[in-house]
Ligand code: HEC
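First, one chain by itself in structure tokens, the form predicted on its own.
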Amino acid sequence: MRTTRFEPLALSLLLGCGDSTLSQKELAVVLSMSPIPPPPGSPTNRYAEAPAAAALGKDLFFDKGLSGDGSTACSTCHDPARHFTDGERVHTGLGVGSRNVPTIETAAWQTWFFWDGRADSAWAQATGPIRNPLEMGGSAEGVRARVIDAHGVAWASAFGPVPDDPMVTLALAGKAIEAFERTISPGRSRFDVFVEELRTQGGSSVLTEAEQHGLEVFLDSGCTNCHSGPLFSDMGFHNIGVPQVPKGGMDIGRALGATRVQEDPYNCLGTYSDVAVTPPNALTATDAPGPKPCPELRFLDASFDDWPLAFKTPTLRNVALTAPYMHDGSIATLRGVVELYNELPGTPLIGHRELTLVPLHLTGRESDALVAFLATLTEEDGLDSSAGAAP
């Protein structure tokens, strides 16, 4: 076991016996990676923190009756035992899709949802798979009927009477599911213990020598350009040139998702969003003085040149347990992901690869160390914690 230490006023963080160092800037980056702060608010969902809505949302999340044939629930693909993924290359519900199932463990912190960002809230996202014929194959009308048939008491506790308009009912069902998802987060990992001990004790021996070397590789290789912060994601969209074999048409990612979120009736500025609700005869939300709501959506440029083949940066929390990887599930192992970045083969079919990317050309030892470090982001039971929100 290797001990990492630093002196608060020192210019560097000593690793092991002093054979390598982290700069003060790199140390600041490490300290910014933990702990995970409380999630931000959800301005489009007035029920986001309501316990009754979360309880209903949990029931809905596991209810196969929301699907068209009663065979598929949200939890079918987002399995809690797999950190809310399914372990398959692409999702399989009522049909076979073309994208890998992302975890929902960090949904409460997200700005955009789905790999292409075609929803701008967790509740809007939740309505998508319900209506998708390849996933749950349901409908707004079917959700309303199921709520009346199976969830009447819980619904009344959360929202009161079931609305006559099925689209309103579906929106509220999505808001309940979001309230449940906001109770989920990645658990505490050895990396969190490591950072806490650095911050509070000036040193730590929690990580092995290989894992600490992997942290150095992670920093030196520029991984934090995209995988930054406590969730190890910048929440942005990047074309990294994942080799594609088009099947049923090329998946252009954010280039289409940006247009679809602008057209979504459940988006931040839509009728069903709680930020758009104003008293009769009052100024509309967009005409009111002061900061305007929904800035991300209002300033979104769907024609941005970098959007083709760009997909959202996934979290690396629990990444060792959520294989396979990439938006299309095309890489089976973390070592395979590292090899992609080592070589960056070929060129994207359209658009261009993220300009900050260059082949890493890591040695075998460095690649193994990087994989070892990523495994330290796995949550573990029984870890002593005195950490709370980030200071």
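Source: prediction; values computed, not measured. A residue's number is simply how far along the shown sequence it sits, counting from 1.
Absent from the display: the form predicted together with this ligand. The rest refers to it.
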| query | finding |
| --- | --- |
| 4.5 Å heavy atom contact, V147 to this ligand in the predicted complex | no |
| Contact flag, A210 vs this ligand in the predicted complex, heavy atom cut 4.5 Å | no |
| Distance check, G222 to this ligand in the predicted complex, heavy atom within 4.5 Å | yes |
| Residue contact check: E354 to this ligand in the predicted complex, 4.5 Å heavy atom | yes |
| Answer option from A48, V30, V337, I36, heavy atom within 4.5 Å of this ligand in the predicted complex | V337 |
| Contact residue in the predicted complex, chosen from R188, H83, R118, R182 - any heavy atom within 4.5 Å of this ligand | R118 |
| Site check I177, V319 and L370: each within 4.5 Å of this ligand in the predicted complex by heavy atom | yes |
| Candidate stretches 149-157, 91-99, 266-274, 294-302 - the one whose heavy atoms come within 4.5 Å of this ligand in the predicted complex | 91-99 |
| In the predicted complex: members of 218-243 within 4.5 Å of this ligand, any heavy atom | F218, S221, G222, C223, N225, C226, H227, H238, I240, V242 |
